[in-house]
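To begin, one chain is listed below as structure tokens, in the form predicted alone.
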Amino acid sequence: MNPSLEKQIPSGVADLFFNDAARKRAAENALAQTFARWGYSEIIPPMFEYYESLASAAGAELREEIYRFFDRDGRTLALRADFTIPIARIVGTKLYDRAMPLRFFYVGSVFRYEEPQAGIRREFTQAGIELIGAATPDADAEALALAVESLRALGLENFRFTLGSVAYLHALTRDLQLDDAARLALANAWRRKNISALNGLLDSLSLDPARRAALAQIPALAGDARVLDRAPAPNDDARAAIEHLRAVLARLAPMGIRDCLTIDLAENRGMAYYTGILFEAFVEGLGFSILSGGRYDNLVERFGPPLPAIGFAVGIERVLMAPRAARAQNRAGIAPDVIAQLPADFAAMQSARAAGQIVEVDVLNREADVLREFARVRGAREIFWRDGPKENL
């Protein structure tokens, strides 16, 4: 054993205990309860499975981040890097003939080999949903509405969603016959709103003036629903994508959700993965997204019959960095309500526990003054003394 490592942990992981562990679990429980109230049932894929299964449906970037290892028979296994691919496998191989749609939620760790930085670890927790078997605007609206409700359940208010459409961008570029490098460069120039890089790339494509102007306009198509009126739609697929976005927004209007949405038709994160709408959520004070999701209609068919699907995931560690979420989850502390001195009234202790109170027994047999000070340090509100009386602190 390397003595320099035996008391350390690898880069990108963390030990959680006391209030940090309680806050994280409280956030997970709040999301699980919210998902369940919307009709989603929990699904628990294995933490590792065959590498081929996970890698076949992952994009090139995600494949590079997958943790791989060998079993004793020499087969390549991998830790899950997200939940969507394993759930697609489960549905495609085992649940494809069930009544649709299927509604699942999950909470658990995922693992990616990437450089740790603010809000990013190599082991992190995702909580999210998958709505499988429906390709309607109503399904997309439900996913967005539940995403908003999820952040509210965590105590967040000052958040914004960006909403785009990969289907729209695919419709604009499908006939350009771009190689992978040019397609990636175009997507990056749009998303980063890098006008200089975009102009250089468009000049190299020998486009007719109208087509060039349409593609050059994409970074400016951000704002409220009126953006859709300005979006160029040179073919049926582009028009259909714009009308789908209109229909989703129309369904969100009576829910009071449209005010926290910003349309951004240049958004294309995960363009190789998603097929329709995609969205991200940002909160005041953080420079990275805390929730992301979108429609992925081509994923389940890699494992079985084709089924449309949409989902999103909340980054638990990221969301707990938001100041308001941190304050809300501080209510999930570990301080006991009661310190009980033995032999205190066991029935009274059990009654307090049944009422939801945390009762901690003094197993070190402290003297009264010492126990009283200990109770104050622990943040307890009451002491059950051994002779029956109770003392409020």
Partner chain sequence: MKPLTIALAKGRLLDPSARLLASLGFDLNGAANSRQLIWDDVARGARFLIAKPSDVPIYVENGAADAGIVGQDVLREGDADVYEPLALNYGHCRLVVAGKAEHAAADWRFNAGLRVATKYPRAAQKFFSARGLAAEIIGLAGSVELAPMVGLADLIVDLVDTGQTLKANGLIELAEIFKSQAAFIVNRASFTLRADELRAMMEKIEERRDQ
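Residue numbers count along the first chain shown, from 1. Treat the numbers as computed from the prediction; the structure is a model and nothing was measured.
Although it is not shown, the form predicted together with its partner chain is what the next lines describe.
Task: in the model of the complex, Gly287 touching its partner chain (heavy atom, 4.5 Å) - done: Yes - in the model of the complex, heavy atoms of Gly287 and its partner chain come within 4.5 Å of each other.
Open item on the list: Please tell me whether any heavy atom belonging to Thr93 falls inside 4.5 Å of a heavy atom of its partner chain, as the geometry stands in the model of the complex.
Closed with: No, no contact at 4.5 Å.
Open item on the list: Residue-level question: is Asp140 within 4.5 Å of its partner chain in the model of the complex, judged on heavy atoms?
Closed with: Flag for Asp140 set to no.
TODO: Find out whether any non-hydrogen atom of Ala222 is located within 4.5 angstroms of its partner chain in the model of the complex, and reply yes or no.
DONE: Yes, Ala222 is a contact residue.
Open item on the list: Looking at heavy atoms inside 4.5 Å, which stretch does its partner chain contact in the model of the complex, given the options 297-305, 75-83, 260-268, 95-103?
Closed with: Going through the listed ranges, the match is 260-268.
Open item on the list: Exactly one residue in Arg183, Arg246, Arg239, Arg191 has a non-hydrogen atom within 4.5 Å of its partner chain in the model of the complex; which is it?
Closed with: When its partner chain is considered in the model of the complex, the option within 4.5 Å is Arg191.
Task: Interface residue in the model of the complex among Arg160, Arg152, Arg211, His170, criterion: non-hydrogen atom within 4.5 angstroms of its partner chain - done: None of the other options qualify; the answer is Arg160.
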